[in-house]
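One chain comes next, on its own, written out as structure tokens in the form predicted on its own.
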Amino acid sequence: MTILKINNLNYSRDDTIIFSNLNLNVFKKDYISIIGLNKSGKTTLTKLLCAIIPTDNIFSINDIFLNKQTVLDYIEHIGVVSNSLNIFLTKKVKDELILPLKNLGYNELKIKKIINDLITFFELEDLISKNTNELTKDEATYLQIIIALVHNPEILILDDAISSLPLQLKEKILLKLKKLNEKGLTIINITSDLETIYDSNKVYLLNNKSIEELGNVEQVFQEDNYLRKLGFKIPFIIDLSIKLKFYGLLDKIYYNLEALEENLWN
């Protein structure tokens, strides 16, 4: 079932064409990654998807076409996280999570249950009582992801949201997102960081003002020379897997160092 459509997107800014005839269908429970280098239009695409930049009947979610009259209905279905938007409205982490639920009119009992579930799932025991101005940049990013999910959106859009995080936290977040995707959350990961695409069922390339489907993750990394030529950095574990596979020491590409080591030892 198609959940989100982009229909023939053409967009220019300051007489510069950013997108030309861009089309995309995203299906329910998809976990897609849209990869692009700097200045390929990643953040602009995010702003268009989230109605920050106005459009008229180009985007649709569940057959709700985005325009001036439908914008509130449209954005109810979306949660968005950007690495440039770590802005908080309250002093306490817990209050930051409660605020959007209050705005939605939830009663105290329902709010308490949602907050407790979030604390458990995202392991927030050490974070929940902190002041928002005390958070490290990494903690703030983690909190922004949770805030984007607090109202239970159908689609989560990530705009290079976790690319700058240390590997351990990045892997923790990706594991949580994978579990949520398995439960029904549709994820659109817009990124330049190939370490964040491993769990995607489809990968697209944002290039030359349009979008191209590259296939699944394994197919993408089989085209590593193409990605290098474009300017992407191949993750260490992928690069190592490709070299070992070339010499006949592996039969496939590995995305996890522990799994690769276990295979080699066996």
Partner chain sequence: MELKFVNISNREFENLNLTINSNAITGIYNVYNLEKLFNDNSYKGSILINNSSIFSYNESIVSYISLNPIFYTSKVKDEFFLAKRKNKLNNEEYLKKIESILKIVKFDKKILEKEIKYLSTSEKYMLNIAINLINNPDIIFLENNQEFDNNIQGIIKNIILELKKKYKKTIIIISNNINYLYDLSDYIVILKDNNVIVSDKTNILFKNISNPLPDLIKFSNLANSYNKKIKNYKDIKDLIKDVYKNV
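Here the structure is a predicted model, which is why all the values come from computation and not from measurement. Superpose the two forms; the largest set of C-alphas matching within 1.5 Å is the rigid core. Positions refer to the first chain, counted from 1.
Beyond the structure shown, there is the form predicted together with the partner chain, which is absent from this document and is the topic of what follows.
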Close approach of Lys39 to the partner chain in the model of the complex, 4.5 Å, heavy atom: yes
May I ask you to check whether Thr120 falls inside a 4.5 Å heavy atom distance of the partner chain in the model of the complex? no
Please run the contact check for Thr90 against the partner chain in the model of the complex: heavy atoms, 4.5 angstroms, yes or no? no
Does the partner chain come within 4.5 Å of any heavy atom of Gly231 in the model of the complex? yes
Taking Glu96, Gln219 and Tyr255 together, does each of them reach the partner chain in the model of the complex with some heavy atom inside 4.5 Å? no
In this chain shown alone, the residue from Asn152, Ser164, Ser129, Asn116 with a heavy atom within 4.5 Å of the partner chain in the model of the complex is Ser164
Counting only heavy atoms and a 4.5 Å cutoff, which of 120 to 128, 137 to 145, 70 to 78, 177 to 185 contacts the partner chain in the model of the complex? 137 to 145
Which residues from 1 to 27 come close to the partner chain in the model of the complex, meaning a heavy atom within 4.5 Å? Arg13, Asp14
2 Å or more on the CA of Ile17 between this form and the one not shown, with the rigid core superposed, yes or no? no
